[in-house]
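Here's a solo chain for you in structure tokens, the form predicted alone.
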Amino acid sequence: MTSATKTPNATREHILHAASRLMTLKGYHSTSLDDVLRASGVGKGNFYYYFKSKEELGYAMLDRIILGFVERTLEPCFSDGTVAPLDRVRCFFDRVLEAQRQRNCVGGCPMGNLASELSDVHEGFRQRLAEIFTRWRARLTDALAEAQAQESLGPECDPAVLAYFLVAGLEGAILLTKVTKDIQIMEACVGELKAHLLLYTRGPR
């Protein structure tokens, strides 16, 4: 591939990176197109070559955020079927916690931020966000159901309900950590979620 064919992709990624950074901190509505142009150093004509509108940019940015979440956080824990299912769940908790440490408690969960801001006012964003939260919950549900089938989780556990609880608990913990700028809150909440999981665990813990 020549440099000429690489440059357009690099420019598009540069715009997306600048927009993601701004919208994570300021929100979608509070980030103007001019903000994105200033942060990326890209002219308006160049911008419209890659994106027809701010909305199209927002969709592309969300797709980029989702892909990063799946590749860096979700799949590394759940793709290896040789790992015990409950260990996959704990791995996921630890990766989410480590992501907040690396961000120094800044920004929170980009998907959660956009869900809070846009789900009631923009159906397109709501549907896309619902899809990734459903995918996230489904991964947890499958792992918990597998653990139950192996009798490492008790029969009183409802994997789907527990998965909802774990997703909600993690999102709430991320929000509190963002507000307080205190990683110890995230650490404590993850510890409590692991302790709650132990309530259903059978056999070696």
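Just so it is clear, the structure is predicted and the values come from calculations on it, not from any experiment. Note that residue numbering begins at 1 and tracks the sequence as displayed.
Although not depicted, the form predicted together with another copy of the chain is the subject of the following passage.
Each of 120, 162 and 189 comes within 4.5 Å of another copy of the chain in the model of the complex, counting any heavy atom.
When another copy of the chain is considered in the model of the complex, residue 168 lines it closely, a heavy atom lying within 4.5 Å. Mapping the unseen interface onto this chain, residue 116 counts among the residues with a heavy atom inside 4.5 Å of another copy of the chain in the model of the complex. For the chain shown alone, residue 193 is a contact residue for another copy of the chain in the model of the complex, at least one non-hydrogen atom being within 4.5 angstroms.
Although the partner is absent here, residue 18 is not a contact residue: none of its heavy atoms lies within 4.5 angstroms of another copy of the chain in the model of the complex. Look at 145-153, 174-182, 34-42, 50-58: in the model of the complex, residues with non-hydrogen atoms within 4.5 angstroms of another copy of the chain sit in 174-182. In the model of the complex, another copy of the chain lies within 4.5 angstroms of at least one heavy atom of each of the following residues of 117-151: 119, 120, 121, 126, 129, 130, 133, in sequence order.
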